[in-house]
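Just the one chain here, the form predicted alone, laid out as structure tokens.
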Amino acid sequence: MEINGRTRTCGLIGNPVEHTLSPLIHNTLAERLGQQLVYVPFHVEPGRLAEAVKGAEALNILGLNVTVPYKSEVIACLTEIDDLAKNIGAVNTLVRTTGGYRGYNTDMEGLYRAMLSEGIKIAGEQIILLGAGGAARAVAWLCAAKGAERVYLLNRTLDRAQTVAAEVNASACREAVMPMKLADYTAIPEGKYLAIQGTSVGLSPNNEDVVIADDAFYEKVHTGFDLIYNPWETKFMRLVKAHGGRAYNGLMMLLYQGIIAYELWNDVEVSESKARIVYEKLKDAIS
């Protein structure tokens, strides 16, 4: 692509950003859609987030993604925020508006589209969610919003799980999420569950780490979804498969949260055929 005065810029702000795959997603989409757009990562030092957002506005940057550790902190830098992002308390996408940026959270809908693409349903499901951090919090909102029958939210510290459960249950107007200490996982009733691994445990290079190692836990899992995508197959996924379940990683979620952001920035719709092209490039990059 020729870069000239008509080329628009989008990017990622976070710390660190050196290993991000987001440029591959967005630059491939721009190439395939024939758009004059480039996407670059911006490393933002602690304490300089507000400067970075104001600088992006001054430079007429079309849109930004936001990654750790700024997904909550960035809210104070925005002129507007989408209701979903406000409820979740985290923003990962900034869309240019008059006088600043509007914040969105595409992680939740990205996960939902990823699950649909793998034939995983949420409505009516009994779900075990591991973790209560930022990513898991968005997952809890998703599960409640999409009609999960019950979500057992397991976290090392009970108070964090209780806070997330209270927020989600109040929004859903029902007791959808049950907070539990991670150590109490054996108290989950017998049955078959969709298990979502929402922590950073098992992230490369700590490939052999897992939140729960007990074989009896995995006997309850019919499908496991790990938000991690590097390594390609986490120990959590291997244990799910070893006990007869299906298991998926988070690469499809990464893809779709990026696609939704791209669609917001450019007012376009990305076809599934183009999404698949980007997905194959992401797989190649990881391998």
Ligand code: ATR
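Each residue number is its position in the shown sequence, starting from 1. Model, not experiment: these values are computed from the prediction.
The form predicted together with the ligand is left out here; the points below concern that form.
With the partner omitted here, the stretch from 126 to 134, 79 to 87, 188 to 196, 167 to 175 that lies within 4.5 Å of the ligand by heavy atoms in the model of the complex is 126 to 134.
Within 4.5 Å of some heavy atom of the ligand in the model of the complex lies at least one heavy atom of Arg160. In the model of the complex, none of the heavy atoms of Asn105 sits within 4.5 Å of a heavy atom of the ligand. Contact annotation for Ser72: none of its heavy atoms lies within 4.5 Å of the ligand in the model of the complex. With a 4.5 Å cutoff on heavy atoms, Met180 does not count as touching the ligand in the model of the complex; it lies far away. Scanning Val201, Val95, Ala145, Ile120 against the ligand in the model of the complex with a 4.5 Å heavy atom cut-off leaves one residue, Val201.
The partner is not shown here, and in the model of the complex the stretch 249 to 285 never reaches within 4.5 angstroms of the ligand through any heavy atom.
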